[in-house]
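Next up: the same protein chain in two forms, each one alone, written as structure tokens (structure 1, then structure 2).
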Structure 1
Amino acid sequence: MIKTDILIIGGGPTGLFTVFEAGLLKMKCHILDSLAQPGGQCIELYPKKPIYDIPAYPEIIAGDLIKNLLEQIKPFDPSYTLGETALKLDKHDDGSFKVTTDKGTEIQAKIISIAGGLGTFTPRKPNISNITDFEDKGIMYMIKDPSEFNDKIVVIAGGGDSALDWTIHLSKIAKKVILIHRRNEFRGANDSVASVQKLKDLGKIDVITPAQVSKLNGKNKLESIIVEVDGKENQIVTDYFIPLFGLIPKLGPIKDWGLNIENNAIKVNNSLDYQTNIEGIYAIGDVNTYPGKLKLILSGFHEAAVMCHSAYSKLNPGKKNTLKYTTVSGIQGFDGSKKVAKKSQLSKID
């Protein structure tokens, strides 16, 4: 059983910043996310997309924003459960909660902060009749461990940032990488498109456009794919096929927790603290709704700060909390010493 003060469901920008605000108030956080790494859409869908409405940053790349947030929360040492989805909610007599994931992990928390962005993500699958036969047998919709592709033949399908970024990254370790897209034009960042073009020109990857995968072949695992190009079918031997066509957001099992839902978003009391109809459960960021809601990262940051001060009052009844500016108080970790976070050891996002 994992025990924490605040369980944050969702590891995107709003969820990560919640750790910082909670840490200033000496509250411990645990982050639960269905994705394999923190960062939410910023990492999974558009790690190289520029963002222009973060205060003090005229422009910041989405992946860099996540790196900075992870660096910012390091002094507060959050714990993580990644690659798992919140499934079941139980409320105890003392007002605390137990959340059980789809993999059986149990997390006990005094406060729950749902910061799930647009919800859990399910992969958008290509229309191939037997694709489910090869799932986890050569078909993958998300990449969790790049080392799995060492010296392997990998086919990636897609035209967005994820497809381009993983093509670039895996070209360094795979035996061969083939990128397939149904159009000649790619939707990703210009520098990523240029990098893929350079790798193609150098003969380090193959790019097939316009084309699409129509059939999968193999016995106990994927052995080859059929690609349609100009009405003709071509067979390509491969170890892996990774269709990266984006992710479909859904609230998932959370929608059955008894929360007030409106248009696939969770209704909250925005006049006070962004609490839901269940006391002790808050919803912040894009996952919530209220009159005048703006779906901006900056709005989520504000909601996180307000929510944490409300949570502090619930966890410390009768204890007055005085707001202190960090310019005066500095940043203290849980060991009581002031800390300056060192350079993160996160993996490079190409």
Structure 2
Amino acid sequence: MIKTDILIIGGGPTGLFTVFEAGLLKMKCHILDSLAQPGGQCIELYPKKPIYDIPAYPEIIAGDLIKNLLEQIKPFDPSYTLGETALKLDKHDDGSFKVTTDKGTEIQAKIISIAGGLGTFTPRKPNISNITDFEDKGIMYMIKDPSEFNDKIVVIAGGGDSALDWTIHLSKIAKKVILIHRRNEFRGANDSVASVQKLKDLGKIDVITPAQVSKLNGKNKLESIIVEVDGKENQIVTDYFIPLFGLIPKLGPIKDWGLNIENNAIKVNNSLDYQTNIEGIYAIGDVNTYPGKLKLILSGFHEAAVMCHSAYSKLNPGKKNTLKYTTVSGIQGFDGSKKVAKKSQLSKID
């Protein structure tokens, strides 16, 4: 059983910044996300797009924002459970909670911060009759550990950033990578399309377009696929088939936890601390709703700070919590690292 002060459900920008705010108040966090990597919508939906409304960044690429957040929270050393979905909630007599994931992992926490954004992203599956027979036996909808493809034959299908980026990355690891797309044009970022074209020209990967995978064959695991090109069927022997057709967000199992839900979002007390109708459970970022809510990254950051101060009071009853500027207090990480301003950098009124 994993034990922590705050269980953060959702590793998007809101969940990641929560670790920082909690860390300043000496609270430990565990992040649970159904995706294989942190970053939420920024990484899953628009990693290469520039964002223009993050304060003090006139422009920042979504992927870089997440990279910076991960760097910022490093001193507070959060633990992670990735690729698993929060399924079941139990409340213990001492007021703490136990969340069980779809893979059976149990996490106990005194505080839960739901930063679940638009919800769990479920993969859009291609319409192939026997696809479920081969799930985890050669069929994958997301990649957790690229080293698994070392020296293997991998077929990737899709035309967006995910399909292009993984084709480029796995071309360095796998024995052979074949990219299949139903159109001749790809939807991904121009530099990724150019890289895929270059790899194809160098003979490092195969690209088959316009084409579609129509059948899967194998005994105990996937052995080959049938690809339709110009109405003709071709068999390709492969170890893996990875359709990357995008993800559909759904609030998912959290919907059944007894929380007040409105329009697929969790109602919170926004005049105080973004707590839900269940004491000890907060909802912050895109997942919550209240009058005037703006579904923006900066809203999630603000809500994370307010939520952590409220959580501190719950975890430390009777202890006074005064707001300290980081310019004055510095940062003392759980790893022993310290960042403090030099005396000369502080103003006279510090």
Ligand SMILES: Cc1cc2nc3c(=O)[nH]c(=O)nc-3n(C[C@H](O)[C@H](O)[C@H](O)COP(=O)(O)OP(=O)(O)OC[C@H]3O[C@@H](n4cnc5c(N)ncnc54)[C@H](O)[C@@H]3O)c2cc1C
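In this text the structure is predicted, and so the values were computed from the model without any measurement. Along the sequence of structure 1, residues get numbers from 1 upward. If you superpose the two forms and keep the largest set of C-alpha atoms that fall within 1.5 Å, you have the rigid core.
> Quick check on the two chains I just loaded: which one is the form predicted on its own, 1 or 2?
Structure 1 is the matching one, since it is the form predicted on its own.
> Does the distance between the two CA positions of residue 258 reach 2 Å or more between structure 1 and structure 2, the core being superposed?
No, the C-alpha moves less than 2 Å.
> Does the distance between the two CA positions of residue 281 reach 2 Å or more between structure 1 and structure 2, the core being superposed?
Shift of 2 Å or more: no.
> Superposing on the rigid core, does the Cα of residue 224 end up 2 Å or more away between structure 1 and structure 2?
Moves: no, less than 2 Å.
> Cα of residue 106: shift between structure 1 and structure 2 in Å, core-fitted?
Residue shift at the C-alpha: 2.3 Å.
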